[in-house]
Each structure stands twice: as structure tokens, then as C-alpha cells.
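Take a look at this single chain in C-alpha cells; it is the form predicted alone.
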């Protein structure tokens, strides 16, 4: 599933291509793509046609497009969602779910989603911040992210550090890939208890999270298959810089020990047995 760097890469591309443009037509090709818009496709279309996109914003892994009506288009890419800018003459994608055309006859915006886990909806009055995502915490790339409050809340939790990093109400945008990468840089095993972290250790972890996310954004995100691309259909290349995630059996870039893979919440965690020793059980 796309994490903050991938969604931020898409946001930057959308801002370049759709901000200031007026929507002419909206086509909904699959009902699941707007399943979170409960009034249905007719209402979805009526709310958007003739509206001007003012900007493209992000909270964690969610995007929203503020409109001149005071409403917003809210989107989540899910497992395989793609927001693509395409010329009107481009062939229709096999998994096209929603198509937007604009009054300037420029490139269309197409929402393509093979697995249909993602989707779009209209948030009435949500231009500033959609109510549907207001519970999600700020991410560490947000200028208003409060480092001290995060450190205090992290150390006050009675959970494992990786679970805390994936808690979108504590810190948003971090998923499995970037949690493993930040923990590798911090020398922490994902099972380390958050209430046993010292304040300096928690601050170092946050710094590594921020560094990993920033570097991944510069690289355009991480692409393991063709399902994640930017708005121009291009893959990211941060996978070339991964130190832990997906590297089972390969030598640690720091000490040479083979990277291990462990089960974690129905997925996998990757770490170095030497650099990130498992914590002692309490």
C-alpha cells in the first residue's frame, strides 16, 4: 500500500497539473471507486462538474483537492490506485474507474485501480480539512508537527515501537516499509516497548523517520511492481536505497549480518539480528 512518500509524490504531480483548472465532466466507471460517497454517483458528479480545483493537499496517506465551492475531493489510493494525467486521445485503461475532463481541453485526470480498494468521495465543506480524515495525526513532514508532543505520547504508550509507528492517530503516513527502515537506522527492534524508550532514543527515532521519508520523497517513492506510479506513469526508485525492508538473507549494510524476516500483524518485518537485537521479555 502506498505510504507517505508515494502519496506525496502523487500530490506534487497533481498540484502541478490540476490546480486552477475547472472540471467539465466526471465519469464514474465502477461503483466501488466512490463507495465512500454514500449519496451515489449522480450526486458525486453533480457536486464536481463546473467546480474549480484550488490546490492539492495531503494528510498522511490521504489526498484532498479543495474546490471553489468550499467542498473537497478526498482520495485514498488503497493497494493499487493510480491518479494519472492523460491526454484525451490516450487509450482507456483496463481498470479505469473515474475520469475527469477539464474546460481547458488539457490532460484528463484518471483514477485507475486494479484491486478497487482505493476510492474518491466528495467531502461537503471539507476544503480546509475534510471531516472524514480529521482524526488522522499530522505527519512528520508537516511544518506543524509537534515533535515534543509526539515523543511524550510515544513514551506514554504501552505497546511495541513498530505498532506505534503504524498508528495513524499518533503519527501518520508511516507504513511497513518506512517503519522498518527507520527502525534499522535507529538500531531498534520493532518489538521494543515504547515505554522503555528514553527520551533521546525516541527523538532519534523520529529524526530517522523524518530522514527516511524525506529521502524517499526525493526518490519518488518505492515501487516494487507496476501498481505504484506517479501521475506521469513513472515508478519511484527508493527501493534501491532500502537497508532492511525486503532484504531477507542479504547482508546488513552496516555489519554484514544476514537480514532476518519475521511475521508481524499478518505481514513481514525485516531487521538485522546484530544491529537490532530482540528485546528481553519482561
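These numbers come from a predicted model, not from an experiment. Residue numbers count along the first chain shown, from 1.
Below: the form predicted together with the DNA, not depicted.
The candidate spot formed by 62, 157 and 223 lies fully in contact with the DNA in the predicted bound form, as each residue has a heavy atom within 4.5 Å of it.
In the predicted bound form, at least one heavy atom of residue 261 sits within 4.5 Å of the DNA.
The closest non-hydrogen atom of residue 22 lies beyond 4.5 Å of the DNA in the predicted bound form. At the 4.5 Å threshold, heavy atoms of residue 163 reach the DNA in the predicted bound form.
Taking the partner from elsewhere, residue 107 is found to have every heavy atom lying beyond 4.5 Å of the DNA in the predicted bound form. Interface residue among 186, 116, 101, 191 relative to the DNA in the predicted bound form, by the heavy atom within 4.5 Å criterion: 116.
Checking 207, 79, 88, 152 for any heavy atom within 4.5 Å of the DNA in the predicted bound form turns up a single hit: 79. Judged by heavy atoms within 4.5 Å of the DNA in the predicted bound form, the contact stretch among the candidates 120-128, 208-216, 141-149, 171-179 is 171-179. Contacts between stretch 238-260 and the DNA, counted in the predicted bound form as any heavy atom lying within 4.5 Å, involve 245 alone.
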